[in-house]
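A single chain, nothing else alongside it, follows as structure tokens in the form predicted on its own.
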């Protein structure tokens, strides 16, 4: 019995390795500010990376589609219950993270008899003062906040590299189109950075290396939380014309 704590720690370590391996091919989702709000953007073979959660809240995700849907529904229910029991103005990401989704993920991860969630989330919010905030939530319930934008990706090295580049870029003073183009440029640079890191290993040829390839093979999902909209809900998916403009430039 004396070795029970060691066995638990060994099981937790194994779960970390297992989940990281499963998420390794998850493609980046970028969350950045722009001069009228926040932008979430990412490529995927099938839709399922960017969602609305509540009036001022959105999230991007990578991982197993069933787990992404479970987390989406959980966040939706938490936000609407909070809005019903308190008020819509009391619904904010900090409360949802601290008292809801993060503890639930932590408990699931540490109960080693249960299957872990294969998921990583990027959450975005426009607070009542109009300031954007971004949060990164891990499969084990660990979360961090980033006021200037952040990325999630299955490859932790690429995720950190793109996030660092986002922090160096003045997205907050860009228009939506400028921020979208710059975010996609970082997505492409991240792919090339990944290829350089894996120079000694076999690259997955099914994953596009350039923006041109990505537009040819995959779908671009992009949505904003716009503080200039007259609607209560700030979330809006980018339209076909807005996507086509940036696609046309990438295909030149």
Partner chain sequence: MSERIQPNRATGDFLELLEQSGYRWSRPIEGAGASLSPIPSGTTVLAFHYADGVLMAGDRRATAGNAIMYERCDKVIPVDDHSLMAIAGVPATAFEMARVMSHNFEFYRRSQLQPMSAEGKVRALSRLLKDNVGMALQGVGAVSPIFTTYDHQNKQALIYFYDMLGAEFQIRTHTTTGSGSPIIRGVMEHEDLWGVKPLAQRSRNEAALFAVRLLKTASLFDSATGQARPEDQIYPTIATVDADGYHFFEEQEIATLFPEAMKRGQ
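If you're wondering where the values come from, they're calculated on a predicted model, not measured in any experiment. Numbering follows the first chain given and starts at 1.
The discussion below concerns the form predicted in complex with its partner chain, not included here.
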Site check 155, 190 and 207: each within 4.5 Å of its partner chain in the predicted bound form by heavy atom
no
Which single stretch, out of 190-198, 27-35, 212-220, 49-57, brings residue heavy atoms within 4.5 Å of its partner chain in the predicted bound form?
49-57
Using a 4.5 Å heavy atom cut-off, which residue among 105, 137, 166, 133 comes into contact with its partner chain in the predicted bound form?
105
According to a 4.5 angstroms non-hydrogen atom cut-off, is residue 231 in contact with its partner chain in the predicted bound form?
yes
Any chance residue 84 has a heavy atom within 4.5 Å of its partner chain in the predicted bound form?
yes
Does its partner chain get within 4.5 angstroms of any non-hydrogen atom of residue 72 in the predicted bound form?
yes
I'd like to check something about residue 121: if you look in the predicted bound form, is any of its heavy atoms closer than or equal to 4.5 Å to a heavy atom of its partner chain?
no
Residues of stretch 75-104 in contact with its partner chain in the predicted bound form (4.5 Å, non-hydrogen atom)
76, 77, 78, 80, 81, 82, 83, 84, 86, 95, 96, 99, 100, 103, 104
